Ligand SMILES: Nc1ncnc2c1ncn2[C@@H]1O[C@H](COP(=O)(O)OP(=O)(O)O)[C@@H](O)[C@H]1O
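Single chain ahead, written as structure tokens, the form predicted alone.
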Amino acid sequence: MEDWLSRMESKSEQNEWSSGVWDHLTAVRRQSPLVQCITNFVSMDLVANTLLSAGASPAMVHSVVEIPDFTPHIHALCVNVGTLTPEWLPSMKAAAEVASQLGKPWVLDPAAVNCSGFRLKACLELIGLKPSVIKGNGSEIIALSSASRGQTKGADSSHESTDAIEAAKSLALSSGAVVAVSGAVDIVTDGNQVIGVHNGTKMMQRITATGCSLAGLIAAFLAIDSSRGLEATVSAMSVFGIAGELGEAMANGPASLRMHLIDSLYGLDETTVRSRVNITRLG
């Protein structure tokens, strides 16, 4: 009897997640939120096309001169430090400050945060501007969590997302942000709840900028449900993973997967989303 009840509860929760994911995607398509992306040179094209395919409106506005006029009008912000330079950091900080002051959600993607002291310091300063979500791989989240506690040891680049659960919870509690860890199983936590997103495909790791694009998509989902950051983040990660699964089924390799990923994201329908969502509660 207990096993049967457990299965029924699990199925009921899965149905709730499936409904929530579809509702979030539908809202993004209906509202077409304006997402400002201060991202790296490598990822601009795929980030913009990912957002467009999902129904959002990307704006690749980087100049610090434009921040005071432009950023107050956005619905969400995504900051990615992949090709960080001293010239771009003031723009990132200015946009994040405006977003925080105006209560607009924003996402920090601390790409390769553990590769230099300059990058780590910049990311810690950005975290001080209260991102809604911090999204990184396992090594990046472990490095950030350690640094936020005053530890300086770098992270191993081979860390999986599940290795970073405790670090993610600690970082979420210290920063006030939802922390998303991408990997074979995507992890999302607010410091208390831990959710696993099991959608996606390994081949996506062979395409540069998929992680950056996911950060942009999370920003779009936050824009339409900023009061439920954990749920919006989970939905964005599931949708992107499902699009990857569908794309891989049609692809001959990473190059064609990139094309089919965008097409699949654009063409997602309710039946497909509801049947493919694979989300579990890990804690």
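No experiment lies behind these values; they were computed from the predicted model shown. Each residue number is its position in the shown sequence, starting from 1.
Omitted here: the form predicted together with this ligand. The next part is about that form.
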Exercise for review: Could you work out which of T71, S146, S91, T210 is the residue within 4.5 angstroms of this ligand in the predicted bound form, going by heavy atoms?
Suggested key: T210
Review point. Considering A232, I38, L214, V28, which brings a non-hydrogen atom within 4.5 Å of this ligand in the predicted bound form?
Key: L214
Review point. Though only this chain appears here, would L124 touch this ligand in the predicted bound form if you measure heavy atom gaps against 4.5 Å?
Key: no
Point to revise | in the predicted bound form, A167 touching this ligand (heavy atom, 4.5 Å) | key: no
Check your understanding: With the cut-off set at 4.5 Å between non-hydrogen atoms, does G200 touch this ligand in the predicted bound form?
Key -> yes
Practice item. Answer with yes or no whether S175 is in contact with this ligand in the predicted bound form, where contact means some heavy atom within 4.5 Å. Key: no
Review point. Which one of these stretches, 96-104, 184-192, 124-132, 167-175, sits within 4.5 Å of this ligand in the predicted bound form when only heavy atoms are counted?
Key: 184-192
Review point. Across 240-263, which residues bring a heavy atom to within 4.5 Å of this ligand in the predicted bound form?
Key: F240
